[in-house]
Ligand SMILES: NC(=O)c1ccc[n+]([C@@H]2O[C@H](COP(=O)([O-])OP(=O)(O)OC[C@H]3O[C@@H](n4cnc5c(N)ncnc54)[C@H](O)[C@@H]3O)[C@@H](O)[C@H]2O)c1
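Only one chain is shown below, in structure tokens, and it's the form predicted alone.
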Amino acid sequence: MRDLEGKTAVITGSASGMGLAFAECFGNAGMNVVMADVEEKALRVAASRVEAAGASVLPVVTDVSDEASMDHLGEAVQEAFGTPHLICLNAGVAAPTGPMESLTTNDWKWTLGVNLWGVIHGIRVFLPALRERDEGHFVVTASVAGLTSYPWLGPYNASKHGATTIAETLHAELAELGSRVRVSCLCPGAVATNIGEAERNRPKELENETVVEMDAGDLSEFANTFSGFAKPPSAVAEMVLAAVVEDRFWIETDEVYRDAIRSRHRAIEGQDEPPARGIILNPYLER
């Protein structure tokens, strides 16, 4: 989709992080921007920022895990701008890390609700109109956790593997139908977002009775280390823009996980044990 001027982008999870960067990037490219997020106050602030840069912006408070809320988003977009052209299904959360026996049903429900059902609802709501017009592009935000399987991330890994295969399946179906609607799958590594603070948006009905808090010193040390190699969201947004313009399926933010992904594929081909060990950030820390 080379001509973006005057077309409409819908971006979920756009009040902060990569979603906000996408909104700014596509707004700067001349697109109308529909910003969807569950955080009403943060969304208003973010929308004002994008609008101040010259874009036409529609903020819509949206819980991507909720069917009716996503239906409302689709109706609001259609009323304001008609059928959109670019759908970035980007909203995501990260549940507490740890061995699977330590995780609660609520951890799984919350993570899968946002990361997986948010993608499912987005495709259900927006695909029919894009198919009818035979033009448009979906960007599904997955993760390197959708291409590898490091320990301590059960719900997150499951949700991102699910997002990846949904993107691949959608691409395959559209190709079989001869459709000109395109799909990209974004698999970022370390990006400087506030997904680590996602608990602030966990619904009360899915909260755990007890929350295990990390030592403040450990958090500070980790934050300093992470900031040394995490990519800025703006850089990822430029990669997404390029992939949309070039009709490219895979979007990876760096090469650091290439060996880990190849090792996993070789293990599958050779019927060997899964190779991933340690924490998911090891490929950065071992460089």
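So that there is no doubt, residue numbering starts at 1 and follows the sequence shown. Please read these numbers as outputs of a predicted model, since none were measured by experiment.
Not pictured, yet referred to below: the form predicted in complex with this ligand.
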- Message: Counting only non-hydrogen atoms and a 4.5 Å threshold, tell me whether Ile87, Thr165 and Cys185 all contact this ligand in the model of the complex.
- Response: no
- Item | Among 76-84, 125-133, 188-196, 168-176, the region lying within 4.5 Å of this ligand in the model of the complex by heavy atom distance | 188-196
- Message: I'd like to check something about Val93: if you look in the model of the complex, is any of its heavy atoms closer than or equal to 4.5 Å to a heavy atom of this ligand?
- Response: yes
- Using the partner position in the model of the complex, report whether His121 sits within 4.5 Å of this ligand, counting heavy atoms only. no
- Message: So in the model of the complex, is this ligand close enough to Ala9 to count as touching (4.5 Å, heavy atoms)?
- Response: no
- Query: Is there a heavy atom of Tyr156 lying 4.5 Å or less from a heavy atom of this ligand in the model of the complex?
  - Reply: yes
- Check each of Thr97, Asn201, Ser149, Asn106 and return the one that places a heavy atom within 4.5 angstroms of this ligand in the model of the complex. Asn201
- Selected contact from Glu238, Glu39, Asp247, Glu67, since only one has a non-hydrogen atom within 4.5 angstroms of this ligand in the model of the complex: Glu39
- Would you mind checking 245-260 for residues with a heavy atom within 4.5 Å of this ligand in the model of the complex? none
